[in-house]
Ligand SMILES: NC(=O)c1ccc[n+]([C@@H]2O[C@H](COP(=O)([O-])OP(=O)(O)OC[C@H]3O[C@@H](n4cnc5c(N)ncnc54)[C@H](OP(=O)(O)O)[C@@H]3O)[C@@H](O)[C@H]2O)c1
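Okay, so here's just one chain, in structure tokens, the form predicted alone.
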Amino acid sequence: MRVERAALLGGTGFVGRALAARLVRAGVAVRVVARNADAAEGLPEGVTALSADVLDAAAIRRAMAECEAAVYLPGLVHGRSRRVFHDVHVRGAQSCADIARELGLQRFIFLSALGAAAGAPAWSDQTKAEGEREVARAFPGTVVVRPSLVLGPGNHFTTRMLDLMRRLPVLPVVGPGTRVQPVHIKDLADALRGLLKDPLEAGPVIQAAGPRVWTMIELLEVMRERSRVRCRLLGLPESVVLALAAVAERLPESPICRDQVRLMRTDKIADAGLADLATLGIEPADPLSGSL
């Protein structure tokens, strides 16, 4: 089946913009859907921007009308209550999947995360796992893609961390021993594009991870060395960071919350027993290429 029209729900973010660009180049008519899509900057030329909340069924129905495929991209790592995560990762995802089925779409992809599990420490991972189950019930044949940390040109993680390293003599590191397997944005976008194009034979879950596993502090050390930045990295005990996050949550624009700290308890690495990028014929690239 050829996908001629695709809706990218929550498509104004880093992953959505990269995927939209891939699809446009492939001749697909792309609708980028988000709460403030009309005001979004950096969207690829040729996409249609539609403003709609994922919980607004009527607006989502209009956005997905006449599309053959949809990709659900919204994801939160910051929130003060479990309800906030549940609204985006479960209620919104299930509603969009229901509408996609009603409209007769042929493909529905749910972007989850490595580490998503019902028993995970963080609300973010818990609700991602719940979202996987509910979307699969709502839209039989849903493909779940679980990426690790996504890097590449313009990503927020390396940009933010290197900015701090250049300005601070010592950088506190949350979750220094947590293992991550970063994936390059090009590889993730290629995987999503391929899954929209061809039916999946490997199973309903694909892991998107890079070629190497680092601890968080090792990854930051490599970033520091490649960028020739002089900054000491200091791993902080979780109890200290949780206490600081509890205070920070009270600020109008909190830089960190306790769930982000809990999120760092869970490794973001691929499971050898599940399909991965190699299953799709993709050889993972150096995730730091173009990121520094």
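Since we're looking at a predicted model, the values are computed, not measured. Don't overthink the numbering: it's just position in the shown sequence, from 1.
This next part talks about the form predicted together with the named molecule, which is not shown.
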{"item": "Selected contact from Ala191, Leu220, Leu73, Ala122, since only one has a non-hydrogen atom within 4.5 angstroms of the named molecule in the model of the complex", "value": "Leu73"}
{"item": "Interface residue in the model of the complex among Arg35, Arg262, Arg61, Arg224, criterion: non-hydrogen atom within 4.5 angstroms of the named molecule", "value": "Arg35"}
{"item": "Joint contact, Gly11, Ala113 and Ser148 to the named molecule in the model of the complex, by non-hydrogen atom at 4.5 Å", "value": "yes"}
{"item": "Contact of Ala248 with the named molecule in the model of the complex (heavy atom, 4.5 Å)", "value": "no"}
{"item": "The named molecule contact at Leu244 in the model of the complex, heavy atom, 4.5 Å", "value": "no"}
{"item": "The named molecule contact in the model of the complex: Arg82, any heavy atom under 4.5 Å", "value": "no"}
{"item": "Arg212, heavy atom within 4.5 angstroms of the named molecule in the model of the complex", "value": "no"}
{"item": "Candidate stretches 50 to 58, 254 to 262, 22 to 30, 234 to 242, one within 4.5 Å of the named molecule in the model of the complex by heavy atom", "value": "50 to 58"}
